[in-house]
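Presented below, as structure tokens, is a lone chain in the form predicted on its own.
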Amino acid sequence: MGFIHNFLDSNERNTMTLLLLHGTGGTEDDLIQLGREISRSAAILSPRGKVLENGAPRFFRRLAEGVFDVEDLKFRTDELADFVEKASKLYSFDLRNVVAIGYSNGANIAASILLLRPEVLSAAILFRPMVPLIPDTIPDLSKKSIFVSGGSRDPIVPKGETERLADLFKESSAKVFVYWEDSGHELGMREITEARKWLSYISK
């Protein structure tokens, strides 16, 4: 399959699959509890990033903090999107009902998938994302729902970056909900609860 990963099937039919995308230094195990906090019934597909930065797994290279290797990002976005398509066949889940949940570096590559390969995601929950890239052609995301969560005191992701990403998604006609947590780069239970409520609402 190309990625070290976990797949946890659901006991329910016709349910969604959560694509869990960890932050820098994470693994395929890191976000499973978070995924279960957000949806108890969904299937889970959780890959490990293949790029190592001083031994820490990531989903794509960066040149410095906040400065991305855009060519590598494009390559890794296609690679990850292809993996999700292959996994849908192997594990027999519906590619039309895949929701990405990404944190930090994982949120950034999820955003990149939405901009470059939107056919593999139906929705996304992005915790602490930045603008990964500006696509040559703005995609039509009118059928996508996106939850964007930022920390108002985040020292890594400036507030303006989160707002720019939300504006880019809105320009793409996506249905965007922006949530601000009074915190830094770490996640809080209130925003996880808000993400769960949001996902439950859009899934009705």
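This one's a predicted model, so the numbers in the text were calculated from it and none came from an experiment. In this text, residue numbers run from 1 along the sequence as written.
Below, we refer to the form predicted together with ligand MLT, which is not included among the displayed structures.
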{"query": "Site check R58, E65 and N108: each within 4.5 Å of ligand MLT in the model of the complex by heavy atom", "finding": "yes"}
{"query": "4.5 Å heavy atom contact, T77 to ligand MLT in the model of the complex", "finding": "no"}
{"query": "Interface membership of I138, ligand MLT in the model of the complex, 4.5 Å heavy atom rule", "finding": "no"}
{"query": "Touches ligand MLT in the model of the complex: S183 (any heavy atom, 4.5 Å)", "finding": "no"}
{"query": "Contact test in the model of the complex: I156 vs ligand MLT, heavy atoms, 4.5 Å", "finding": "yes"}
{"query": "Options 43-51, 27-35, 66-74, 142-150; stretch whose heavy atom lies within 4.5 Å of ligand MLT in the model of the complex", "finding": "66-74"}
